[in-house]
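Presented below, as structure tokens, is a lone chain in the form predicted alone.
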């Protein structure tokens, strides 16, 4: 089944490492929600016969929305799309936005998965990342979330300058003690047009070496594997049955439709994205015009490359699926590549798949560009 993504492009402040599209002008929220609901209404005409089994509120910071604002968006979705009663309905949240009342409202509206941007349980690291919450707030909110949600995820950002694995382990150990079913672990990146990147250029901070970063990745992966978490995607670890249904669509070449500024969509071998401008998005929608900036239909070679690279970042390449899609035998076409990856312990072949090892995940981009 397909998925629905909604980009909520508002934050209370800019984190120094973030380059996602967002606005801090919360006065625009009512106009945005009106435009978003209109986009949903207009788009649904094309996809009214399709059933969806995941809805994902990302951002930005979706937890900034009030209960009534979020409720109105969900009501619009349910009245316009065929959404399975067994759907995964997810929302990204920051600890400082949540209390028991808001968490209960999520449950009452059918939200059954919550992704919580903790990033660290070390106050000095949180200050470095310019986060608004602290360790105590995080622990209180985690306990509340655990009380109401069976399915939730906690985020951690690692490889901060000077950070050791023991620092990372301190946060992970508390995550593990809460029996969280899903952990997302992201390497700190120094993206252009962020304060972090500017500080790096100005030599106010230094970036970890590639070797240190690799060592932290492998230690983190090994530690979570040993404590009951499956490494099912480069940055994702879960207990059995708790893989993100929605995010997995991105890696398994499954259709999804995105709404809001900067949102991306993929449907029947076609990709498109909306303009990354809140003002332009609202104006176009209000003028009954499409907010799509760019659209491309993939040819056979482009589809093959995307399928291979996305699959390798996830659970691996399914030989039968590959042959069905591209009418050729992967094991024959890429026999030499399979041997190279296996001999260097970068991949393993079993149960009809070739899957990267943790060492392979570390080099996923290089492997894809070199061999595929």
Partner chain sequence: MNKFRNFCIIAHIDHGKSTLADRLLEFTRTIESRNMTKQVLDNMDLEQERGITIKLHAIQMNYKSLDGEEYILNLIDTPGHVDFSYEVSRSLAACEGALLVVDSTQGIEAQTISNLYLAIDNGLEIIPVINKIDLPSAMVDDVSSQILELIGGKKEDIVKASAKVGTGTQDILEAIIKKIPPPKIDNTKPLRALIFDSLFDIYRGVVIYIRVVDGELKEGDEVNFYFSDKTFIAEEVGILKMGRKRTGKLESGNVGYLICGMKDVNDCKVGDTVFSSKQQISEPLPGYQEVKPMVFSGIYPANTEDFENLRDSLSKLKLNDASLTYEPETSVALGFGFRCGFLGMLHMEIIQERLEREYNLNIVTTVPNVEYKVYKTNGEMLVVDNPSIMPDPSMIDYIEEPYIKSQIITPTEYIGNIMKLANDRRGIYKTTNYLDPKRVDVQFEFPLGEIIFDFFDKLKSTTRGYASFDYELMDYRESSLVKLDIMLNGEPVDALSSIVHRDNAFDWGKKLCLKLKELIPRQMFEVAIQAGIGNKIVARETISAMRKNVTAKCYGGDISRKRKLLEKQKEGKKRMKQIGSVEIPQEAFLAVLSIEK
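Remember, it's a predicted structure, so these values are computed and weren't measured experimentally. Positions refer to the first chain, counted from 1.
Below: the form predicted in complex with the partner chain, not depicted.
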Please check if residue 38 has a heavy atom lying within 4.5 Å of any heavy atom of the partner chain in the predicted complex. no
Can you tell me if residue 306 lies within 4.5 angstroms of the partner chain in the predicted complex, counting non-hydrogen atoms only? yes
Can you check whether residue 294 is within 4.5 Å of the partner chain in the predicted complex, heavy atom basis? yes
Would residue 42 sit within 4.5 Å of the partner chain in the predicted complex, counting heavy atoms only? no
Here the chain appears without its partner; judged in the predicted complex, the stretch of 132-140, 97-105, 162-170, 295-303 with heavy atoms within 4.5 Å of the partner chain is 295-303
Candidate from 149, 232, 250, 81 lying within 4.5 Å of the partner chain in the predicted complex - any heavy atom: 250
Of 210, 286, 178, 227, which residue is found within 4.5 angstroms of the partner chain in the predicted complex when only non-hydrogen atoms are counted? 210
Please state whether every one of the three residues 22, 31 and 73 places a non-hydrogen atom within 4.5 angstroms of the partner chain in the predicted complex. no
Does anything in 262-290 come within 4.5 Å of the partner chain in the predicted complex by heavy atoms, and if so which residues, in order? 264, 271
